[in-house]
Ligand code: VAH
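There is one chain below, alone, in structure tokens, taken in the form predicted on its own.
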Amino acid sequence: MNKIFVIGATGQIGSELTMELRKRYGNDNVVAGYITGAEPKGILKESGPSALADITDRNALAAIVKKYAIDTIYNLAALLSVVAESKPSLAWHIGIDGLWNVLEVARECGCAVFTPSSIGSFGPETPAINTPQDTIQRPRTMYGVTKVTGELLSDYYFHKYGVDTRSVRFPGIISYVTPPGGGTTDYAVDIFYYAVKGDDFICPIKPGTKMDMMYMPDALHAAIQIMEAEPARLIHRNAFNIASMSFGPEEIYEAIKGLKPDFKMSYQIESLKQSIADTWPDCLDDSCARNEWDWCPRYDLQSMSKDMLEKLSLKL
């Protein structure tokens, strides 16, 4: 990677990934793509170039790629799971029609492409424990449908046209920088805000509902590491299971309570979030990522909880 274009650079992952890429590759070599109404601010705006980049406008994307001599595209434009279920047509338009535009531009301009998939690409028929890399994927949400379609379309462009497409299946991502914005796993971010503020937390997911989660520093590391990986080692491409920690609401509560003994949590289940969570795996087998590009997370539940509380206390 020499010249990088991040589409969705002001989003939950994009805002932090753009800054991490600039730190590693140089500020001027990473272009922050944004949409109207979500312009870069602060250090994200000041530290490097940015460009209006609507993923549904292929010509605009191509113009940016050519202007900045881009060789790698991080395509992070998507609706999160709960939002996508309420706006399925828009979720498809951004997630698939937009991806098609990105892949066509990449084919024409010789770019590598990273488009994240998700644990949402699995469904209720998928083995829930140690979910294999290659297994049945029959999601029952539009979010999941777009993720499976994105995996297949990215593979198609690799095999058909030689476009260097790569991806990971992100678990729920926990961050102290960007607030949650409509994901099924967002409770695992919200809970830390409540704990730091000293408020009681009402959990929307029932106890015992295990889902894979990951701390943002590990997610950023994975997104960069896979694009830096030696292509000859990659047997799989779109998309690798990656895992870090798996827990239910009661477990993250106990981890936080161990550090904040007065913290309290109760339950008020939200049916949509719970129905989505019930179709997702409990924990993934990420051995292919470990074997093919040396994936290894750095945080577990305890170390992540400690760092989140410390960082949020400073932030708030």
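All values reported here derive from a predicted model rather than from experimental measurement. Numbering starts at 1 and runs along the sequence shown.
Below, we refer to the form predicted in complex with the ligand, which is not included among the displayed structures.
Partner proximity in the predicted complex: residue 192 to the ligand, non-hydrogen atom cutoff 4.5 Å: Heavy-atom contact with the ligand at 4.5 Å: absent for residue 192.
4.5 angstroms heavy atom contact with the ligand in the predicted complex for residue 183: Yes - in the predicted complex, heavy atoms of residue 183 and the ligand come within 4.5 Å of each other.
is_contact(residue 118, the ligand) in the predicted complex, heavy atom dist at most 4.5 Å: Yes, residue 118 sits close enough to the ligand in the predicted complex that at least one of its heavy atoms falls within 4.5 Å.
The ligand contact at residue 98 in the predicted complex, heavy atom, 4.5 Å: Heavy-atom contact with the ligand at 4.5 Å: absent for residue 98.
All of 114, 165 and 240 within 4.5 Å of the ligand in the predicted complex, heavy atom check: Contact check failed for every one of 114, 165 and 240.
Location of the ligand contact in the predicted complex, chosen stretch of 88 to 96, 151 to 159, 214 to 222, 171 to 179 [non-hydrogen atom, 4.5 Å]: Answer to the contact question: 171 to 179.
Among the candidates 142, 226, 80, 196, the residue which, in the predicted complex, approaches the ligand to within 4.5 Å (heavy atoms): Contact check passes for 80.
Members of 216 to 244 lying within 4.5 angstroms of the ligand, judged by heavy atom, in the predicted complex: The stretch 216 to 244, when checked against the ligand in the predicted complex, contributes no residue at the 4.5 Å heavy-atom cut-off.
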